[in-house]
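Alright, two takes on the same chain below, each alone as structure tokens: structure 1 and structure 2.
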Structure 1
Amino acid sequence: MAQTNFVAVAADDWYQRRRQDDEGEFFRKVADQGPRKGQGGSTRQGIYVFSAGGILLGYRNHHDPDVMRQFLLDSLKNWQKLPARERIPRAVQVGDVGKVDRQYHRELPKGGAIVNVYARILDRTADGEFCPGTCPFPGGDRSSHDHLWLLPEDINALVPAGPKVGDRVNVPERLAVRIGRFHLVDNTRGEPPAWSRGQMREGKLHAVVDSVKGDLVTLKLDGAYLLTTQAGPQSDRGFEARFLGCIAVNTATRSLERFDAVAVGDHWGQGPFTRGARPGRTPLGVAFALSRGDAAADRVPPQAAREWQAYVQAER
């Protein structure tokens, strides 16, 4: 139904309510017809159904499939109530995009790479093996989804000149810290606070050349992270994880051809918007897999890219 009767659009409210351009103005025009009008710069987060002319047909902020299915049905009924002249094809003419507010617009730099990032809570079997985790928080046992962006300079630094099997490479500090601060987070129940630079107690990645086949160089990744809000064992939130993976770079095109990695360890604590964490230290897994960026959803910016300079210069 969503594919047949609607045109689906996804955008980050954090950008949309701030951007001073045609897109931002249209979003606020629609949102201000609903219950969240962004007073004082507050959130307009939610699911909106609206006509091409910007008439709000329905609003909900829910994740239950049955609730959302009924919401779409009710919105279609409201669509049918519109005057016929507003429902015919091309009733609304959309002009060219005008000025874009670059302060609130993110694009992957040319030559960069997109990596899908998935986090999921885990449990341990009686034998100590990892297994799918359970928790009482609704949806907390599902995987979250974010994107890691690698810049061209990150990729170039991953391969030494004249690589040979066994060569050891230090992963650029900027990339290792970006992964730790912004992607080794428990975002399974909402939007967590990112780690500050000072909260990253340990976080180094090493790469060893595993094979060289023509222009394709494959490297194995190994590392460990310790992220805590306070120094010492009494920290109220933290993640201690081992990081293992495999990447491949085409040295001729300087393109990332593979990025498969996982960070697994014990996480504890919660943030202001990630309530409902399991008590104590419990297993969390974060998986990384290269995206080709073919779909629009693949190009959604990393959540932490809202603070662009902090994201790309994470080591500072």
Structure 2
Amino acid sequence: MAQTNFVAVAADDWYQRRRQDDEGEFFRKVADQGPRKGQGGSTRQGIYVFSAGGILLGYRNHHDPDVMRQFLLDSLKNWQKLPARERIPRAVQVGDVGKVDRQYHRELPKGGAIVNVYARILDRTADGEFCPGTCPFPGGDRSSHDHLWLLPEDINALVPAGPKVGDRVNVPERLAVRIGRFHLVDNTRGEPPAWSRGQMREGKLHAVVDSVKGDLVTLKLDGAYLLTTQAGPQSDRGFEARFLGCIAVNTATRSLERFDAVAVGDHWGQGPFTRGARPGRTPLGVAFALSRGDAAADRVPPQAAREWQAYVQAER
């Protein structure tokens, strides 16, 4: 039903409720017709159905599929009640978007790269192999999604000059810290706090040239991270992980052609919005894979990019 009867769109309310531009004003005009009017800057999150002209047809925020199915059916009935001037094709004219509030709009800089990031709780089989983990928290056993953005200068720094197998390549500190602070997090049950610069107790990333085939240079990444909320073994939240990866860069186009990596280790504790963690230290895995950026979901900015300067200059 969502595919055929609606135009489906997803958005991060943190940006939408703040942006002072055509899109933000249109969204708030719709949301103000519903129960969440954003008093005091509060969230307007939920599922909305409305017309292109901005008439709200329904609002719910519920996890039960049956409730949401009925909500969609009721919203379609409300849609059919609209006058023709509100619902027949091309009856409503929508022009190009005007001003864009750059403070609350994120775009990958030209020449940058998107890396999909997935986290999943893990268990060990009887023979010690990692396997998908289980937990009582609904959906907590599924992979989470986020994106790592590499800026053109990050990629340039990974392109070695005159590479030979065995050469060491500098990994920019800002990139190694960005990965640690913002992407080695347990976001399997919701939005976790990122690590502060001081909470990154240890972070090592080594890159070594593994092969050179024409313009394509493959690098092996190896490293270790220790991230904890407090110094000392009694820290209430932490992640101690090993990191292994393989990336490839094209020295002619200075583009990233491959970024496969995993971080795995013991995670413990939870954040204010990620309650329901398994007790004690339990295995968590984070996987990285280069994205072509074809799907809208791939182009969603990194969760931590809300604080843009902190994200791109993570080492400061």
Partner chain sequence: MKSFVGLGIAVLAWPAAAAAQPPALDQAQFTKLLAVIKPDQQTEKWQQIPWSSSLWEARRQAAREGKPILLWEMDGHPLGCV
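Remember, predicted model here, so these are calculated numbers, not experimental data. If you superpose the two forms and keep the largest set of C-alpha atoms that fall within 1.5 Å, you have the rigid core. Numbers follow structure 1, counted from its first residue as 1.
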Discussion item. I need to confirm something. Of structure 1 and structure 2, which is the form predicted alone?
Written reply: 1
Worksheet item: Rigid core fitted, is the C-alpha displacement of L82 between structures 1 and 2 2 Å or more?
Response: yes
